[in-house]
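Before any questions on binding or motion, here is one chain by itself as structure tokens, the form predicted on its own.
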Amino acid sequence: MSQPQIAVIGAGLIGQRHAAIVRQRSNLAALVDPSDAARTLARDWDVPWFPDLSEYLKTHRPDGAIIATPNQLHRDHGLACIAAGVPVLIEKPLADTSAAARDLTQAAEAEGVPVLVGHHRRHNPIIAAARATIQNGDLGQIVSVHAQFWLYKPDEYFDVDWRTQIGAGPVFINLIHDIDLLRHLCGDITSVQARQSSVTRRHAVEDTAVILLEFAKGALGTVNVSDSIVAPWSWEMTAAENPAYPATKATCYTIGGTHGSLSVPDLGLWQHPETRSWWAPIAAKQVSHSAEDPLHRQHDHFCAVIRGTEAPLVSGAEGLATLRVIEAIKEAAETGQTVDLR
């Protein structure tokens, strides 16, 4: 199989972006979405269009499928593809609840069908370089990590009603990306404490949250998230990954260990050249990395998984683990209690 035939399920903004990449880098088998806009797009692209996934799968078997439908549909659409033996890349989050996500992972394991989750930032060369630096031992034992998501969403962003209601908020919408990267870089998270506030926006969901994390290997972490602060400290505004956001030279993560500290995404590695002491000189060097579009890398990886030449970088189990942490953060913030994930 040189270039897999991949169907894209869901033709919203992210679905269209996936479909465009598939057309460019492999083969778009079909566009599945009931909207007139999707039908028009499929006609313009000269690809088959289907309004319903179950009807499509009755007569077609693509080599893979990308599911970019609303979160609450991920479970049913994913299960349909798994039952048909079709490997799937499901946009994050894997499902709208961890129970639904567990249904997907269990079905995938039982059927032997690969499930990948669209946490595309893991495919960014910046993150690959940061992970290699940590695994090479350049930081020594990881002691603590801090992640920050501060930016200001304009008032018109909230003209869409669901963005002010339960199930939205920056923890669910945005922080899931950052939590997934912290897990990827520093290991599993075993317990969570959190506080949240809606005093600025006064919506039904939080606009600000502060979180304490404990990692399986003993490291501690702090996370500070707000969509109501004018600031440059977020992945969106520091990684230059998406041209929709203005790029800054700030950082959003700092990871500290017994032999060095690393800032991300600028990849500044701080170490004492000789003696590890606050009285001794300390210097920074830049960790090198390539420059590639992580969505392109994710697509090419999905094709390799379809061919059987690579294992999923972000498996269904990984997507489930990240979703469980997000749910734990919300529970901890609402109850004031520590939530144990072990």
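All residue numbers are counted from 1 along the displayed sequence. This is a predicted model, so every value here is computed, not measured.
There is also a form predicted together with a small molecule; it is not shown, and the following applies to it.
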Exercise for the section: Indicate whether V32 is a 4.5 Å heavy atom neighbour of the small molecule in the predicted complex. Expected result: yes
Handout entry: 4.5 Å heavy atom contact, P93 and the small molecule in the predicted complex
Key = yes
Practice task
Using a 4.5 Å heavy atom cut-off, state whether L220 contacts the small molecule in the predicted complex.
Solution key: no
Exercise for the section: Although the small molecule is absent from this view, report whether R75 comes within 4.5 Å of it in the predicted complex, heavy atoms only. Expected result: no
Problem - Answer range among 40-48, 66-74, 280-288, 299-307 for contact with the small molecule, defined in the predicted complex as heavy atoms within 4.5 Å - result: 66-74
Handout entry: Answer option from A11, I329, L323, V22, heavy atom within 4.5 Å of the small molecule in the predicted complex
Key = A11
